[in-house]
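Okay, here we've got a single chain as structure tokens, the form predicted on its own, with questions on binding and movement later.
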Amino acid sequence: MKFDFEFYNPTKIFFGRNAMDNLENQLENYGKNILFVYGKASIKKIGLYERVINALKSTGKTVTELSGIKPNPTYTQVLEGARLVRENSIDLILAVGGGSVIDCAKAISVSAFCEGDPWQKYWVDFEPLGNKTVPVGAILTMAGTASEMNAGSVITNEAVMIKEGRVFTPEVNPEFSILNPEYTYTVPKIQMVSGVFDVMSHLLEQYFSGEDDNTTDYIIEGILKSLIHSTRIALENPTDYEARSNIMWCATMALNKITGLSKEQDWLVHGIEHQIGAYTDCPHGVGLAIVSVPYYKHIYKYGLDKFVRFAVNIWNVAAVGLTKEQAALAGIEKMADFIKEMGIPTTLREIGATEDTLEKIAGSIEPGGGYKYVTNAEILEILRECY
């Protein structure tokens, strides 16, 4: 292992068909006032809303609801939630939905008692957390972000057209998360595959960093292979419990810090997509998929051996008789084929981006990278290739 590290993750996970049976016991650990945060109508359609409300009532809770959280949660929604926390003396924020809802709940938690502007303090200046927070619990309905077991929170500030992520310290993690794969069955296909590629991108941005041959790389490869295998099954049969279970657990493992240990990491694909999302409001994983193939073709020569390893170990590319460059590119093309197999859009044009916004998007992105430092001019070139 190249770098020393410290690992701590305080989230308690309840996983499986009967995971919801633990909700009432968990609620007993908190005070009376609950902020119930969720998206739109989907949790009502599957009967989850009613089940949560019944659990809250049976444990004597007073419930305040914040509904309508967007797929790209906004700072306006965060401030509304923070106001509700203060006005109702909230003891627990219960987030029910996908990663966007849980991200929003964590943002509300850190913002409610922040002195000054939380956006400026935490998402712009990245100041250390300096105020009390409200505990968060989560019930997951869509696999992808791993927000159920990390301290990350990605928020869109529509006033300045910036979508920014912040990883806080572990006390912001959900204290408990309930994961029942059956709750993901009715997620529309585009949302399912968007989540799958978000998982894949989390893994790749940690994998494609450094030339070290460490335990973390093997863990990443194992999760990637499980994810690809299970996704193909779920595409054929969306209610295959084993496949959905594997996808859900792959998602959690991909960004709960396990797969980043002793890695340098490269998060520029996410940085580029965040700004695409700010301008188009596209599903996060869809934007990542559109960006990833051109981005990795742009940098693969600078981490050639790792890209060859990716081609051989993940996509079973027969490298005998190929140059390293040919083998590496064959792996990237296999990934591109998998994106098409899932039915994910492959161009920015398909998700509503306009050519005249590309320069604005590129100019709003902090340059960087892993194997290669990528400038704003190069980001614009990549976006044009994506278009």
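Note that the structure is a prediction, hence the values are computed from the model and not measured. Residue numbers here begin at 1 and follow the sequence given.
We do not show the form predicted together with a small molecule, though everything after this point is about it.
Contact with the small molecule, judged by heavy atoms within 4.5 Å in the predicted bound form, is confined among 97-105, 116-124, 208-216, 299-307 to 97-105. Contact between residue 82 and the small molecule in the predicted bound form is not found at the 4.5 Å heavy atom cutoff. Shown alone here, residue 71 lies within 4.5 Å of the small molecule in the predicted bound form, counting heavy atoms only. In the predicted bound form, at least one heavy atom of residue 46 sits within 4.5 Å of the small molecule. The small molecule in the predicted bound form is not approached by residue 263, whose heavy atoms all lie more than 4.5 angstroms from it. With the partner removed from view, the residue among 32, 340, 360, 40 that has a non-hydrogen atom within 4.5 Å of the small molecule in the predicted bound form turns out to be 40.
Of the residues given (170, 238, 152, 135), 152 alone sits with a heavy atom within 4.5 Å of the small molecule in the predicted bound form.
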